[in-house]
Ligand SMILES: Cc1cc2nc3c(=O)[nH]c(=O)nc-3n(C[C@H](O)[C@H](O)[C@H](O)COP(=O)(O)OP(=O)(O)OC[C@H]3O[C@@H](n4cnc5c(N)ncnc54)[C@H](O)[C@@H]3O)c2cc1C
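A single chain, nothing else alongside it, follows as structure tokens in the form predicted on its own.
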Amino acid sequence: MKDSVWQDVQLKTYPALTENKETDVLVIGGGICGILCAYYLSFHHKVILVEADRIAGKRTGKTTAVITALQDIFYKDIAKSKGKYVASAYLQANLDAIESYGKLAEEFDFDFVRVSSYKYFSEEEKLNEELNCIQTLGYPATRVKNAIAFSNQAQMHPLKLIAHLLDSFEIYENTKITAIQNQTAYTSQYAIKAKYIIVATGYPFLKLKGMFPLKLTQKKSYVAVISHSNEQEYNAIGSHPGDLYFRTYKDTMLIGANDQATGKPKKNYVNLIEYIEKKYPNHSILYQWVNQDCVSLDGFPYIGHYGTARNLYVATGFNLWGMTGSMIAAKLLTDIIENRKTSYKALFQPKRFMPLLPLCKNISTVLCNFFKIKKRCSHLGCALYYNKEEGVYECPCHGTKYSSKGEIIFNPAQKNIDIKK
């Protein structure tokens, strides 16, 4: 069984870095976020992008590729904790991201389709509260049965889009950056000097810089794809963390479930497979995979300066909404680097105030797992847990995942581990 429905597209391969380089912009990370950043900045700058493995070989290759402003986070919660202005700005930032993809679709064919997004509820009161808040923010959301509906949202084939963008800038695969100092990024052998550097590696890899180990966790999500004759294209999520989510793609349906923190295996594929067997007993599973993403403390991505360095930037914490968040990051960082005014800079800047409760939970998780006698993560030394259903080792502190041989599957760790020890 293939790992992903998007594997019908074979991307070009690129050489590893074999000499020192100098450029205007260096983008570190070859997922959709890094590629979009490199593409937009290449209009007016010389850009180099480096990827430690293969382009789109990690999170982007296993996304559901939904592009929507109707997400897990509740707008009523944003309005309550941050104010209606911030809630409205966050909504508009996501709507703008959809329009940016729409403009790309005018030039490139990547199976971009406009669809309706739905968020379904089991509690009438919560549905009405959220719908009323969204409408108060000025967006014409509607109710369809037990769900809130956003029209004119979107979905796409991510690798088809990436394939169109790769000729716009210089690329090096199998090129792992290990350090950044004084606007120069270093591999084990070579250096790339740049006026601006963007770190778009999923989880930022510079250990303690920017205090991201305290501000990020990682969540996994399980996906299965079945053959399905769809009457309409759409995507949908539930209002509870354990609810199933859906999106259509041509003659298939992607069904996901069980968003959960790394290092705490719970159910995994179990109820997802049970649902498919009950609801679609005659539909075989064509693909299935598990993906993971960085989760911020307040539900907003971190986009902006990486620590105190003047021209070093970061984009992370997309909270399992990487397609929409990546476009927000690419457009925002392009505006910042090119000195254009943007109303979203303060909204996503990484140094913003962090809510105390989730921050304390992150610190508690680190402390609890640091003292347990188990195999250790090579990132900051937290105890690893073996997930027998997937055959992997997982770090509950910062989300590194290792294969059964000790090879890194998801960062932030930079070194493999010796399983035999």
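The numbering used is simple: start at 1 and walk along the sequence shown. Everything quoted here is computed from the prediction, not taken from an experiment.
Separately, the form predicted together with this ligand exists; it is not shown, and the next lines address it.
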| item | value |
| --- | --- |
| G210, P301, G202, G263 - the one with a heavy atom within 4.5 Å of this ligand in the predicted complex | G202 |
| Interface residue in the predicted complex among A65, L26, L70, C395, criterion: non-hydrogen atom within 4.5 angstroms of this ligand | A65 |
| Contact of K58 with this ligand in the predicted complex (heavy atom, 4.5 Å) | yes |
| 4.5 Å heavy atom contact, Q288 to this ligand in the predicted complex | no |
| Distance check, A52 to this ligand in the predicted complex, heavy atom within 4.5 Å | yes |
| Contact label in the predicted complex: F318 to this ligand, heavy atom within 4.5 Å | yes |
| Candidate stretches 163 to 171, 117 to 125, 218 to 226, 141 to 149, one within 4.5 Å of this ligand in the predicted complex by heavy atom | 218 to 226 |
| Site test, A93, I197 and I328 vs this ligand in the predicted complex, non-hydrogen atom cutoff 4.5 Å | no |
| Interface residues of 292 to 319 toward this ligand, as seen in the predicted complex [heavy atoms, 4.5 Å] | Q292, D293, F318 |
